[in-house]
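Next comes just one chain, in structure tokens: the form predicted alone.
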Amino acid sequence: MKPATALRLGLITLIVLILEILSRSGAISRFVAPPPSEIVVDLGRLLLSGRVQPAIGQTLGKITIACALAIAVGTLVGVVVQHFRAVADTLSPFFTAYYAVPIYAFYPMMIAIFGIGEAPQIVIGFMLAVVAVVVNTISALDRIPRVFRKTAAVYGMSTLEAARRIYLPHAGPYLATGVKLAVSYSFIGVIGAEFIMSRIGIGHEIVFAYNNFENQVMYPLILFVLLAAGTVNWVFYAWEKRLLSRRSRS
């Protein structure tokens, strides 16, 4: 095990142990935050009961759609924008300031356009994720050696063809950063939108449990979100490391 990995696991273990001790000793009220061990047990019981499976399926489905759209659209936009240097330089300040805008402020407009349902939540997740993909795609393509661009020009490739056959495969390890951010932002966007207005979903279940003081439901679902997002990001992190390792050997 690498030292950095061991340090991360040790830090997480330490935080969990501190919370466990504080909760069981009464320093933190069980009503405020139950011990982590009880949260894990409650999560297992909740999943086995089948009560939240429909909500989990709905939320993960919306996150998958939002993330897939963000990756596809963001990569395409990033390729086009990066090809035109003047456009990239013009839009750069807007990309930088994008996340200073409260996306949830547009939720009423999303409802007016798409109606009450799952579509506004998917759009919010997409809007949060897509710019991260665009920015990282531009950054990745900026790393392409000039000789690759000359090769594409020699073979008369169009921008999209060169991107598909040369640029994107070469920039794969750097594009993985945008994908990881898209996953994280999709989780945040969709579940956050479910907090505001949703009839089903993990966010709705967490808010409902909070309003009804059901800590044995709220905290396990929060833990589930952390585990799901962390697992997906770990998979993409491992993929990124594998690409970088293959690049260093070639």
Partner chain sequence: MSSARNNLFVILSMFGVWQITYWAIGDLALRPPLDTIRNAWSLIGSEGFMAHLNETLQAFTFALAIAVTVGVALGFCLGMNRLAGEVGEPLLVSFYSLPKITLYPIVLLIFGIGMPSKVAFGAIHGIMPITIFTLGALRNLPPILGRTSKVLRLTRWQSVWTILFPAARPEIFTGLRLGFSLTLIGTLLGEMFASQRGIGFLLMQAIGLHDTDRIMALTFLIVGFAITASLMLLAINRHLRHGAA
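Residue numbers count along the first chain shown, from 1. The structure presented is a predicted model; accordingly, all values stated were derived computationally and were not measured.
Keep in mind the form predicted in complex with the partner chain is missing from the figure; the text below concerns it.
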Which residue, 127, 91, 176, 135, has a heavy atom that falls within 4.5 Å of the partner chain in the model of the complex?
91
Consider residue 215 of the chain shown here, and say whether it contacts the partner chain in the model of the complex, taking contact as heavy atoms within 4.5 Å.
yes
Is there a heavy atom of residue 206 lying 4.5 Å or less from a heavy atom of the partner chain in the model of the complex?
yes
Does the 4.5 Å heavy atom contact test between residue 66 and the partner chain in the model of the complex come out positive?
no
Would residue 188 count as touching the partner chain in the model of the complex under a 4.5 Å heavy atom rule?
yes
Residues within 4.5 Å of the partner chain in the model of the complex, restricted to 104-119 and counted by heavy atom:
104, 105, 106, 108, 109, 112, 113
